[in-house]
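Next up: just one chain, as C-alpha cells, the form predicted on its own.
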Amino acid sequence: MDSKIISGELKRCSTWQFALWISAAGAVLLWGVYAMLLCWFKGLNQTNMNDSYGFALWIWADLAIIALGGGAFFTGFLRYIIGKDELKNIVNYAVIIGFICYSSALIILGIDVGQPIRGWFIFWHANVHSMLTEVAFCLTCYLFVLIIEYIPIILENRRIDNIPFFHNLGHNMHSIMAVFAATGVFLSFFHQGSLGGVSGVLFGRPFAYREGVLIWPWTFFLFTWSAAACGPCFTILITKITEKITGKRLVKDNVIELLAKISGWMIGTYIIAKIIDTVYWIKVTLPATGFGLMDFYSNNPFYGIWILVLEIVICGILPALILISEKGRKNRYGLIIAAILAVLGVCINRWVLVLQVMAAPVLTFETWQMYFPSWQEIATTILPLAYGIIIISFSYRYLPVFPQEKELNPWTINGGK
C-alpha cells in the first residue's frame, strides 16, 4: 500500500485513504449536527423527554463520557504525581481521549440546555447552593486544563517544532505539566463527585438516595472512584482499537499491563465499596423510606434484577479479577474483555442513576415510566463518537502521539516496507 511520511519519519496511509476515512466520520458528524440544530431552532419538543424524564439519554451520555474521560486525570496523576514513568508512553493519548470526552460532554450539555447562548448565566448568575453549579465550573476549568495539556503535543508536530519560539514554548510547557496534572486531579475529584452527589441527595427518589458523610452522599465518592478505576480501561481499549486499525503496535506491553494492573485494583476496591453501599441501601436506607429492593426491579425487560447483577458481578468483579491476575492481563483477549466489561460497567452505573431513577414509581398510584429516545437524541448522542474519531485521526496522523511507535515498528521508517 502506498504511504506518505507525515509525522517525522513514520509513515501514514495515503491522502485518499485518509480523506475517505474522515469523510465517513464526517457524514455521521453532520447527521448529528443537523439533529442538534433542530433541537436548537425548534426546541426540546424534538426529543421524547417529558414530565417523567427531564433527565434522559443526553444526561446519561454526559455522565458516561465524563466517567470514561477519567483516564486522563488518573493517568496524569500516576505519571506526574506518583511518578510512574512508564506511563509517559501513553499519557499523551490519555490527554487526547480526555479532551475529546470533556469537550463532548460540554457539547451535549449545550444541546440539553436548549439555549447555549445563555450558557454564561451559569457563571454570572451562579446558584451557589447547587451541586450542578460546581460541576459546571469544574468541568469548564478542567477542559481548559486539558487544552493546555494538549497544546504541547500539537507543538511537537514536525513542522511546528522547527520554529524556535514554538519549540521552546512546548519544552517549557512540558516542564510544568505536573502542575496542570495536579490541578486536573483536584478539579476532577470535585466534579466527578458532585455528579454522583446530585443522584445521592434525591430523597424524593429512594432508588438513588444515599446516606453519607455530612452533606456528601456515598455516591459522591463512588462516582469519583469508578471514574478513576474504569477511565484507564477506556484508554487501554481505545489504544488497542487504534493499533488494530493502523496495523501497528503503538505502546509496549509493560505500559499497558501496568495501567491495567492499577485499574484492576482500583476496580476491585471500588466494587467492594459498591457492594457495601448496595447492601446498606437495601438493609437500612430503603426500609426507612418504606420500600423494598424489588420495588425498584420490575419484571419488565429493561429494569429487572439482572441489571444489578450485570453491573456488579459481570462488569465489576469479573474485570477486576482478570486485571489483578498477571496471567489474565497478559492474555490479549482477557485484557480486551476486561476493558470492555469495565467500560460497560461504569456506563450501566450511570444509566441506572439517570434513567432507572426516573422510571421507578415512588407513589402508590404510579406505574413504571418507560422511555425511548427520539432519533434526534440518538443522533446527537452519536455525534461525539464521530467527533472523537476525527480528532484522534488527525492527532495520530500529524502528531507524535506515541513515543514508542518508531521503536515498535522499525519497518515503517526510512522507506521500509
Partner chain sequence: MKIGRRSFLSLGIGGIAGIMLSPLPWKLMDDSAIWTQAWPWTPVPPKGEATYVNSACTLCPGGCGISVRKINGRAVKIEGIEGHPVNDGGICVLGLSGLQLLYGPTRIRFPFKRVGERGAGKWSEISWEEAISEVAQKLGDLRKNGQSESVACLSGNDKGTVPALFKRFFSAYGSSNFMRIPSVSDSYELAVLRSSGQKAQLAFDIENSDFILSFGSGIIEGWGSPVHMIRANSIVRKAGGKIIQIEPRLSNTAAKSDKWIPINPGTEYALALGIANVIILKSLFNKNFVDSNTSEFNKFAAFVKSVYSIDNVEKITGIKKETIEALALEFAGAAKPVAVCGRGQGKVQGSLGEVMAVQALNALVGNINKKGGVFTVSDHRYFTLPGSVPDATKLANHFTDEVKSGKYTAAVLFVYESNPLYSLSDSKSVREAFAKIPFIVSFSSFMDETATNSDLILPNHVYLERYEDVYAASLPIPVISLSSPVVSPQFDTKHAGDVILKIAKKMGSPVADSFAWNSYDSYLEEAFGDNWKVLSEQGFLEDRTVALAALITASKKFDFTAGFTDIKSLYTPLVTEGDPDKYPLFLIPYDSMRIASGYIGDPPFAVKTVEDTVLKGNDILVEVNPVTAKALGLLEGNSAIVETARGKAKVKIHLFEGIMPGLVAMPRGLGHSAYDNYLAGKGVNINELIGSLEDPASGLDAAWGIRAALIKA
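Since the structure is predicted, the reported quantities are computational estimates derived from the model, not experimental observations. Take the two forms, superpose them, and find the largest set of C-alpha atoms that agree within 1.5 Å; that set is the rigid core. Positions refer to the first chain, counted from 1.
Quick note: we don't show the form predicted in complex with the partner chain, though the next part is all about it.
Chemist: Partner absent here, but in the predicted complex, which of 221 to 229, 96 to 104, 74 to 82, 159 to 167 has residues with a heavy atom within 4.5 Å of the partner chain?
Modeler: This holds for exactly one stretch, 159 to 167.
Chemist: Would Trp306 count as a contact of the partner chain in the predicted complex, using a 4.5 angstroms cut-off between non-hydrogen atoms?
Modeler: Trp306: no, not in contact with the partner chain in the predicted complex.
Chemist: Give a yes/no on whether Lys252 approaches the partner chain to within 4.5 Å in the predicted complex, heavy atoms considered.
Modeler: Output for Lys252 is no: heavy atoms all beyond 4.5 Å of the partner chain.
Chemist: Answer yes if any heavy atom of Trp120 is within 4.5 Å of a heavy atom of the partner chain in the predicted complex; otherwise answer no.
Modeler: Close contact exists here: in the predicted complex, Trp120 approaches the partner chain to within 4.5 Å, heavy atoms only.
Chemist: Verify the contact flag for Gln115: yes if a non-hydrogen atom of it lies within 4.5 Å of a non-hydrogen atom of the partner chain in the predicted complex, no if not.
Modeler: Contact check for Gln115: yes, within 4.5 Å of the partner chain in the predicted complex.
Chemist: Does the distance between the two CA positions of Gly110 reach 2 Å or more between the shown form and the other one, the core being superposed?
Modeler: No, its C-alpha moves less than 2 Å.
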